[in-house]
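Form predicted alone, single chain, as structure tokens, below.
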């Protein structure tokens, strides 16, 4: 129960940073914190005692964990990493033309 509250707190912390931070770089970091919290929540839900990793033991009769959620989480981690890299490249391109990464300043510079 305490772990679930901590993970949900991390998700809310990332979401609040995404909504309230004025800097683009801080918003990217907040999005990473939020996605880490979501992945942690799925890992916490999937963690069960009494099941084994899906490696075949022909001599033992044991209950195996379902490998599909693990594959989905690994895919989510890879997609999250690539999305973060793409957003950081976009922030680098914006920083060449703008002296700051504050979203209000950037929007003000691009208004006609």
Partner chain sequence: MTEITITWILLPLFLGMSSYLLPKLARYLTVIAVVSSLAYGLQAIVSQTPITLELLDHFGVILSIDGLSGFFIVTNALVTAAVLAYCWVLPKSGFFYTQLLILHGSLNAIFISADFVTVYVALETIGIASFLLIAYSRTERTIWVSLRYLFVSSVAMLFYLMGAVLVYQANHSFSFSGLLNAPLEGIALIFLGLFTKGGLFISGLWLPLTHAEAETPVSAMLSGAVVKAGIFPLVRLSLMFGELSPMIQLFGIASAFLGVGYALFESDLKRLLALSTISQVGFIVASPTVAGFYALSHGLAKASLFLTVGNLPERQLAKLQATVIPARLWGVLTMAALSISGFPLLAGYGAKVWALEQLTGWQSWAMNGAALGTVVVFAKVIFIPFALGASQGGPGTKGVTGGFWIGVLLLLLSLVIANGVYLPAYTLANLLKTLAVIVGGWGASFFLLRQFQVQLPRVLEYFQQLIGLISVILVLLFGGLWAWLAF
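Throughout, rigid core stands for the largest set of C-alpha atoms superposing within 1.5 Å between the two forms. Numbering follows the first chain given and starts at 1. Note that the structure is a prediction, hence the values are computed from the model and not measured.
Same protein, other form: the form predicted in complex with its partner chain, not shown, and the subject of what follows.
The listed set 79, 62, 56, 47 contains one residue whose heavy atoms approach its partner chain in the predicted bound form to within 4.5 Å, identified as 79. Its partner chain in the predicted bound form comes within 4.5 Å of a heavy atom belonging to residue 106. Its partner chain in the predicted bound form comes within 4.5 Å of no heavy atom belonging to residue 13. Within this chain, residue 41 lines the site of its partner chain in the predicted bound form, having a heavy atom no more than 4.5 Å away. Its partner chain in the predicted bound form is not approached by residue 100, whose heavy atoms all lie more than 4.5 angstroms from it. Residues of 51-78 lying near its partner chain in the predicted bound form, listed in sequence order, are 66, 68, 69, 72, 73, 75, 76, the criterion being any heavy atom within 4.5 Å.
Superposition of the core reveals a Cα shift of less than 2 Å for residue 80 between the shown form and the other one. After superposing the rigid core, the Cα of residue 44 is displaced by less than 2 Å between the shown form and the other one. Relative to the superposed rigid core, residue 65 undergoes a CA displacement of at least 2 Å between the shown form and the other one.
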